[in-house]
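Shown next as structure tokens: one chain only, the form predicted on its own.
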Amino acid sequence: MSDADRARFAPLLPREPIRFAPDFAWGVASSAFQAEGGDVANDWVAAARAGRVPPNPGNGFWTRAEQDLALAASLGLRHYRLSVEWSRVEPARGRFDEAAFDRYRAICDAAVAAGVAPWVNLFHFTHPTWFAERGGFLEPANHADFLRYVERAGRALAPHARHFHVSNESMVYVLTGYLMGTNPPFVRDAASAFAMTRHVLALHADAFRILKALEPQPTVATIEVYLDPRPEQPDDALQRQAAERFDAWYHGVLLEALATGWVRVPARAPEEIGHLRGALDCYGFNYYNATSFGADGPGSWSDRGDPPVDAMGRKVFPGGLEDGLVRVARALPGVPLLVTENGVPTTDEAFRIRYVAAHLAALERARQRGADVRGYFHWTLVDNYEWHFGFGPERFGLVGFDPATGARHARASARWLAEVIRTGVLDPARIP
């Protein structure tokens, strides 16, 4: 890390030791497709074949899960967020692959055997090809297909995992797939995005009900990423209005719906979905950076003129994590929170350590302000596919791997975090 980066991080880092309770949940997060890769029959593989996104060979998790889970446990990480690749377990409509379910059962069992609690997410951006070809979630007639899959996957895995998520970042999925059109199905249409907002919320409510009916009854949590919209120029009225309108849709609709059951999507009549109210046992909070609204479109935001900037060009602003956690805690009183993703793309281990330390300090400030934050899951354990960035130099893993052999190597950040977990103390003197 350069002296300049050290100076940029200095105001963001804790000045006093931070102590974590013994029951604070330390974990890592991953997703099926990003880690497993492979020639599966989903819409991202189809998009790669069409040249619209990079191809994904995976990092070998599908066959190396047992070793990766043992490695996580050796670092003191006691929670692992994984997901099920829907196209693996239902490659054709209504035809389920029990061998694929057996592999996911074995992965969950290996986690438990290693002393690691598996958190199973059922949808992380990728659709089976057959589902995408039928119109995906935008077509209400297809919703029963997803709920059938949730019920089948839940029954298969509930005896092997105690924690579930219905979907990962449903609002980002709507934003990128139906409003911005950057992800499959590459739609750019506000009316479709607003219709999808209602659909993903209703599907969450229905899937929550299905999962809570399982035996043994699991914990069922959300996962949403907080984007913290800000005007690039605070005095610019148009930028401020743009940020406020986006926030009202992206965060406001979601939080009100979970709190009250009322879905108030722009340009649509309000709708009450009674069983959506309180349809979560825990709120999964993802955060990477704040979002600016400026003359050149969305970017990243910081309250400092010269902040640290990661390998993807994003400004580091831990204050968004602090304020976002407090906001969610106030919107959903009594609901415990987990930071279910936080990490940084970099090739500089000192940069990664400082990023994590700065965000753990922000987490602690949120707790001091009353947010019931019970854990921190780093994104990710082993370097993986980063969607439009593929397997570029922008790496998020605490652990790297050799693409030729698959061999893993724990980075300095992994060893640093392991020491924080072992001692229960984030000591500023041990931040490089």
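Please read these numbers as outputs of a predicted model, since none were measured by experiment. In case it trips you up, residue 1 is the first one in the sequence shown, and so on.
Heads up, the form predicted in complex with a small molecule isn't pictured, but that's what we're talking about next.
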Exercise. Are any of the heavy atoms in Q34 no more than 4.5 Å from a heavy atom of the small molecule in the model of the complex?
Worked result: yes
Problem set entry | Partner proximity in the model of the complex: D383 to the small molecule, non-hydrogen atom cutoff 4.5 Å | no
For this session: Please check if S292 has a heavy atom lying within 4.5 Å of any heavy atom of the small molecule in the model of the complex.
Result: no
Problem set entry | 4.5 Å heavy atom contact, H124 to the small molecule in the model of the complex | yes
Exercise. Thinking of the small molecule in the model of the complex, which stretch from 193-201, 257-265, 357-365, 167-175 has heavy atoms inside 4.5 Å of it?
Worked result: 167-175
Exercise. Looking at Y288, Y104, Y80, F285, which has any heavy atom no more than 4.5 Å from the small molecule in the model of the complex?
Worked result: Y288
